[in-house]
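So this first bit is one chain, no partners, the form predicted on its own, shown in structure tokens.
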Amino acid sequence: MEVVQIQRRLVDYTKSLFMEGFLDGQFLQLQQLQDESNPDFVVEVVSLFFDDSEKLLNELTIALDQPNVDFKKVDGHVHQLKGSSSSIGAQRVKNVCIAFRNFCEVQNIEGCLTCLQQVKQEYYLVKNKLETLFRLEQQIVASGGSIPMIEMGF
């Protein structure tokens, strides 16, 4: 595929991630921190988010499976996940975490379990979407092209 076509696909795909609410303006700010001296900055930060999120989701699953749920502990994990998802612009993950924390506050186990499933679903969706985005970027660079800057009107 021609570089220009891949670049167009990348721009369209990225815009769709914003339009569908997967990402917010924080992701653009993250991209602006990347430059020639640190060309893999976004991939590295997002990879750390993936690693941390996997651990937190496992810890949440275990914590909510206990006979006596420690809602303070669960809330702490959700708060951490909310913060890290917010820092990379994973808007839909962050939004589920807000509802999740409300269920923790009132110690509603059913609500927490429902939110756990929702947050897992949103996490794996955004992970898949970002991995696709990074693959498109790699194809452009491998073809000798440059990554186009995405302009979004927020």
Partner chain sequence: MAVNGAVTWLRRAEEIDGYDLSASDSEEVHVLAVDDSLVDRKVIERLLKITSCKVTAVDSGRRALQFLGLDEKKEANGFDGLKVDLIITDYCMPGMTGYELLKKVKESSAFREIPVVIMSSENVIARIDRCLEEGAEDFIVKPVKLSDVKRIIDYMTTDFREGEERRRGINKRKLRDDGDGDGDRSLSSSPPSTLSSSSTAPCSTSTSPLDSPTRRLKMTSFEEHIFADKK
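What you are looking at is a predicted structure, and each value in this text was computed from that prediction instead of being measured. Positions refer to the first chain, counted from 1.
The next section is about a form of this same protein that is not shown, the form predicted in complex with its partner chain.
- Figure note: of the listed segments 122 to 130, 61 to 69, 108 to 116, 35 to 43, the one touching its partner chain in the predicted bound form, with heavy atoms no more than 4.5 Å away, is 35 to 43.
- Residue contact with its partner chain in the predicted bound form: Leu28 places a heavy atom within 4.5 Å of it.
- Its partner chain is not drawn, but in the predicted bound form it has a heavy atom within 4.5 Å of Ile88.
- In the predicted bound form, at least one heavy atom of Phe49 sits within 4.5 Å of its partner chain.
- Contacts of stretch 72 to 107 with its partner chain in the predicted bound form, defined by any heavy atom lying within 4.5 Å, are made by Lys72, Asp75, Gly76, His79, Lys82, Gly83, Ser84, Ser86, Ser87, Ile88, Arg101, Glu105, listed in sequence order.
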